[in-house]
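Heads up, the chain below is alone and in the form predicted on its own; it's given as structure tokens.
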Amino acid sequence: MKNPSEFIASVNSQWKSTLESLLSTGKRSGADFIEIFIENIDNINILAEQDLITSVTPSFGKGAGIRVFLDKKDGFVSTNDLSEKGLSEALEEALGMLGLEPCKSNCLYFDGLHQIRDYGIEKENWLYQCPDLLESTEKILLGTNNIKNYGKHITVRRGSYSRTFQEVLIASSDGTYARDIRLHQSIGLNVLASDRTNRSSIGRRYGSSDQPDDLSKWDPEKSAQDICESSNKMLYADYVEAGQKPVILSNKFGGVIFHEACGHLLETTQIERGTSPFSEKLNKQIANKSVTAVDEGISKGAFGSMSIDDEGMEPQRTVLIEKGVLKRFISDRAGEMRTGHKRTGSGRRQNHTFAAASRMRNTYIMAGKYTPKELIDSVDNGIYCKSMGGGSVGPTGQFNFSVEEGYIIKEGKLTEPVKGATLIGEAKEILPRISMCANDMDLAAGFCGSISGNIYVTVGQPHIKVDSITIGGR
């Protein structure tokens, strides 16, 4: 196989004039703005079940997405035909969506593309620095094999590895011309334990960006111990009683609730639709003063970090909520055009078949001044949520999330494990009830699906205390 970076390199050296010609045609045809996103992608997914590798799925792709703006409307077309003819036809289709026809006269002026900003030069060998197929499969099997040593009544053991190597080139009619290489790797372990009528199901996922040797550093024994400890405790747990109670949410992946129930409501895609309860709350109190929340794309190695977003803008640190006051929204180019909220380097897409949209990157609640013990000490009768499971979120922030691993808090002490708990609430009601944040903020890798496809994100928070929330149970 050729070096994958040769694909984009050829685009840079041979196709710059073609890209400029396409952008110029779009401008002369009456479009306000044109963007071309070119992608080359190399994926592999590996699945281990019990003591066998049951699936190895490589995939490759390349293509372009062309987006045209006129006033506040846009047209988007994707294509796998990267010939000059194929790109021209895609541009014509996108123009046609807005009622524009390709114009060959020089009725509008285009300055040309800037000198390329190449963020990929030092990353071109990353793919070959990643673990090869043999090392990847052996490492995953070590994880599933170790589960046998630490788990009780384990009936299903699964391990997975995913690696995505993506090259992108972005050219726009404002002169933007940028290239980047992205690398994401993730490892997951899942167990199902069963002893007659008692069952427990626990999953853990670890992920990073731009670290080729990450799988080599992963400790399969430690990960197996961690997941089995949780599974063993939850296997014989009693069901929780339903009611209104205070809860302590763990750090790391506990931040998934903020991501889902609040973060999406701060994306300009939601503001455009008029579904966010926070659209008119800028510079107003929407959360407890203990809450400061950030979205950024710059934390080294984090799943949602990047050198540039999918519109060619460098990421930045965006303070969304400061001491409970809403300060910014998460915005892409279309969001800025339609809502007036400035871009935040948050234009993201799964691949070239999607138009970029305002999406979260690394989104988390900042650390506070308390220790986790002080949070637990403050609860007389509540629930400690160590690990969150799946859930659902409504368009205006109503949510319900299952608690994968939970414990009763009695008089400031963690007691017996409980299962079957579901946290039910609404973002605008829960944010003011986050009264305490601990000093142990940490991040966890995740995946987010929305209007522009599935993307890599990071969630996070310290341990937090919610004074009162509805807990569904038996």
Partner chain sequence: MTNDFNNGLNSEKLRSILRSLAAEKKVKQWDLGASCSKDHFVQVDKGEAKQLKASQRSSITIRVWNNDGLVGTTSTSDLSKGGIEKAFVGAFQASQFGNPNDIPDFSPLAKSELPKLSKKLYSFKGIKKLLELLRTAEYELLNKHHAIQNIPYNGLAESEFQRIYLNSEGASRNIKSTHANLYLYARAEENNNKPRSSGAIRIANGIDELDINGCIEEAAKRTIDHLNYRPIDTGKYLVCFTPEAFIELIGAFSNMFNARAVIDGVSLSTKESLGTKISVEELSIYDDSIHPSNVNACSFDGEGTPTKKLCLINKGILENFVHSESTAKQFGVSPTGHAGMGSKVSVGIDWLVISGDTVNPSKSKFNHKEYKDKFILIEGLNALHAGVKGSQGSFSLPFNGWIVDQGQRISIEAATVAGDIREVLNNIIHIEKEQQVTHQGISPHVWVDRLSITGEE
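Quick caveat: nothing in here was measured; it's all calculated off a predicted structure. Positions refer to the first chain, counted from 1.
A second form of this protein, the form predicted in complex with its partner chain, is not displayed here; the remarks below concern that form.
- Figure note: of the listed segments 166-174, 222-230, 204-212, 352-360, the one touching its partner chain in the model of the complex, with heavy atoms no more than 4.5 Å away, is 352-360.
- For the residues Glu296, Glu267, Asp180, Asp74, the 4.5 Å heavy atom test against its partner chain in the model of the complex is passed only by Asp74.
- Interface residue remark: Asp32 is not counted as part of the site for its partner chain in the model of the complex, having no heavy atom within 4.5 Å.
- None of the heavy atoms of Tyr456 is located within 4.5 Å of its partner chain in the model of the complex.
- Contact annotation: Thr318 falls outside 4.5 Å of its partner chain in the model of the complex, judged by heavy atom distances.
- Heavy atoms of Gly61 reach within 4.5 Å of its partner chain in the model of the complex, making it an interface residue.
- Shown here without its partner, the chain carries Ala242, Gly425 and Thr470, all of which come within 4.5 Å of its partner chain in the model of the complex through at least one heavy atom.
- Heavy atoms closer than or equal to 4.5 Å to its partner chain in the model of the complex belong, across 185-216, to the residues Leu192, Arg199, Ser200, Ser201, ordered by sequence position.
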